[in-house]
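One chain is shown next in structure tokens, namely the form predicted alone.
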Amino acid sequence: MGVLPNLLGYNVRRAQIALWRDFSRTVGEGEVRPALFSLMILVEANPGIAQIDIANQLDIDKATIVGLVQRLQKRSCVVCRQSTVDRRRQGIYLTDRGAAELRQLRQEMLEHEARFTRLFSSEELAQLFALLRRIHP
């Protein structure tokens, strides 16, 4: 394996692959991707949030966010409404169907996360998150 086991990027990527494989098998019956789940969480926590704010929070380009929102609109999980404060902006809101789907997805996500977080003590997990946040602000 040469230098690979001692490379940060290699180890982070291997961990991400393990997380991704489990996620795609267990969350949303393989139909939901992490970005879609994250978008729904942000909309739930911030009703009326603008697409640009979601893009900034998730560090994803606006075009990708537009596609994700359209996908959720087709599934009747979100609606877009013109802002009453700024007519140039549209706010995104979860529908009742979206909220119900998100409750199920959240449960599946928590079970997925638990399969990995239980590998660490609470102190180790806090340290791991702190160390990873040094890489991504």
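A residue's number is simply how far along the shown sequence it sits, counting from 1. Worth saying up front: this structure is predicted, and the values here are computed from it rather than measured.
Missing here is the form predicted in complex with the DNA; even so, the following discussion is about that form.
Within 4.5 Å of some heavy atom of the DNA in the model of the complex lies at least one heavy atom of residue 61. In the model of the complex, at least one heavy atom of residue 21 sits within 4.5 Å of the DNA.
The closest non-hydrogen atom of residue 115 lies beyond 4.5 Å of the DNA in the model of the complex. Under a 4.5 angstroms non-hydrogen atom cutoff, the DNA in the model of the complex lacks residue 107 among its neighbouring residues. Only one of the listed residues (46, 95, 26, 70) places a non-hydrogen atom within 4.5 angstroms of the DNA in the model of the complex, and that residue is 70.
Screening 42, 79, 35, 100 for any heavy atom within 4.5 Å of the DNA in the model of the complex leaves a single hit, 35.
Within 4.5 angstroms of the DNA in the model of the complex, the stretch 63 to 90 places a non-hydrogen atom from each of 63, 64, 66, 68, 70, 71, 85, 86, 87, 88, 89, 90, taken in sequence order.
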